[in-house]
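This document opens with one chain alone, in structure tokens, the form predicted on its own.
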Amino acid sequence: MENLNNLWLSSGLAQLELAQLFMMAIGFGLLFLAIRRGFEPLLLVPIGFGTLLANIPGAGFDAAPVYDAMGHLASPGGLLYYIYEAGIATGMFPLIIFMGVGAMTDFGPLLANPKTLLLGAAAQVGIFTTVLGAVTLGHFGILDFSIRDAASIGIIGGADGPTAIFVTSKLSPELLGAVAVAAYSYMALVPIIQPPIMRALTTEAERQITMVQLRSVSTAEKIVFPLTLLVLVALLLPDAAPLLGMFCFGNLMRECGVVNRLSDTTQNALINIVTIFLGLGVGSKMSADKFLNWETLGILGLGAVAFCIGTAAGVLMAKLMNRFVKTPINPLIGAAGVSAVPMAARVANKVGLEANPQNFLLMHAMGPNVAGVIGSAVAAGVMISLVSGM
């Protein structure tokens, strides 16, 4: 009987707490959204499964290693612990994914219409506005957010998952699970969140604006641009260099034409492998003790606000630019300034086609969309530079 009792006490059922059961339900919910609804499945499937693993009582998937008094390893850490420490705590996984994104990015639309860079920059307003909002909530004691927490939450507004994970792992690792889920959830909800904002801020006539055909961009321009961008940004803002450097390196491999095998590996096999481990590592931070608190709800709410403000700022910037340019810009492409590539550009194109079936905005929207990736990386560098010492 004693052996049976010990066996029962060592089982997961005997150790299971209500909070862990709730987090496992969240894990199943993320898997449902990814598999059934198609919400960012490449990330939400491993994140959801990692959530299940991290909340199985007694399994120790996310357990830290234990050392005895002499400093010898008494018990090794769990699989998720080592995945997180090796790839996310070091910043390696988000940087590798940024390299893959760079290898899949075409700077042509941005180079053909450089003024769309302003639309990508305007969309970053959501990041900085939300930082101020989070600081205000922390200041008045409504939610327990520090300035480092506020910076991590604000980055959600850039709709760039790897950037959000990179910044949060450096500034507020305890918030990583909530920030990552919020960032990727809102990226998946782009087709639902953005169209009402776009329609509310534009007239029917503005949505019908037809933009002229983009000029052809030479290979030389595409090779010189990432190199110039990296040098200029790195010299002015070194903290943005890791993200932007890997992004530009991936793009250079794509455009130079002499390392096609490396470019293909980066765009496919490498980014897929790292995405698996990144998702599992994020899932390890979604244990009940880290996730179930009022701050998590605040993060989800502020993330939504950040994303909406970023979308609106891009549209309003395009309307403002139309007062000063000879060739009008369809304000819908301003919404693509958030860096959800290429989903935000597709949404802009879809809303444009609803207003004018002959109005194809996809390539025009890719300009601010790519600019948004650059803008979010720069915003991340600014955040790290300003608050990392606080």
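In case it trips you up, residue 1 is the first one in the sequence shown, and so on. Here, rigid core means the biggest group of C-alpha atoms that superpose within 1.5 Å across both forms. Keep in mind the model is a prediction, meaning the values are calculated, not measured.
In what follows, reference is made to the form predicted together with a further copy of the same chain, a form of this protein that is not presented.
Residue contact check: residue 262 to a further copy of the same chain in the predicted bound form, 4.5 Å heavy atom: Yes.
Within 4.5 Å, heavy atoms only: does residue 360 come near a further copy of the same chain in the predicted bound form?
Residue 360 lies outside the contact set for a further copy of the same chain.
- Query: So in the predicted bound form, does residue 227 come within 4.5 Å of a further copy of the same chain, heavy atom to heavy atom?
  - Reply: Residue-level check for residue 227: yes, a contact with a further copy of the same chain.
Margin query: With the partner left out here, check for me: in the predicted bound form, does some heavy atom of residue 275 sit within 4.5 Å of a further copy of the same chain?
Written below: Yes, residue 275 lies within 4.5 Å of a further copy of the same chain in the predicted bound form.
- Decide if the three candidate residues 104, 268 and 385 all line a further copy of the same chain in the predicted bound form, where lining means a heavy atom within 4.5 Å. Each of the three qualifies.
Practice prompt. Name the residue from 353, 325, 66, 56 that puts a heavy atom within 4.5 Å of a further copy of the same chain in the predicted bound form.
Written response: Contact check passes for 56.
query = Pick from 199, 170, 319, 290: which has a non-hydrogen atom within 4.5 Å of a further copy of the same chain in the predicted bound form?
reply = Checked against the cut-off, the match is 170.
Could you tell me which stretch in 187-195, 205-213, 291-299, 245-253 has residues with non-hydrogen atoms within 4.5 Å of a further copy of the same chain in the predicted bound form? Checking each option against the 4.5 Å cut-off leaves 245-253.
**Study point:** Sequence-ordered residues of 79-109 touching a further copy of the same chain in the predicted bound form, heavy atom within 4.5 Å
**Key:** 79, 82, 83, 89, 90, 92, 95, 96, 99, 104, in sequence order.
(message) So that I can tell if residue 90 moves, could you say whether its C-alpha shifts by at least 2 Å between the shown form and the other one after the core superposition?
(response) No.
Residue 75 C-alpha relocation of at least 2 Å between the shown form and the other one, rigid core basis
Residue 75: C-alpha displaced by 2 Å or more between the shown form and the other one.
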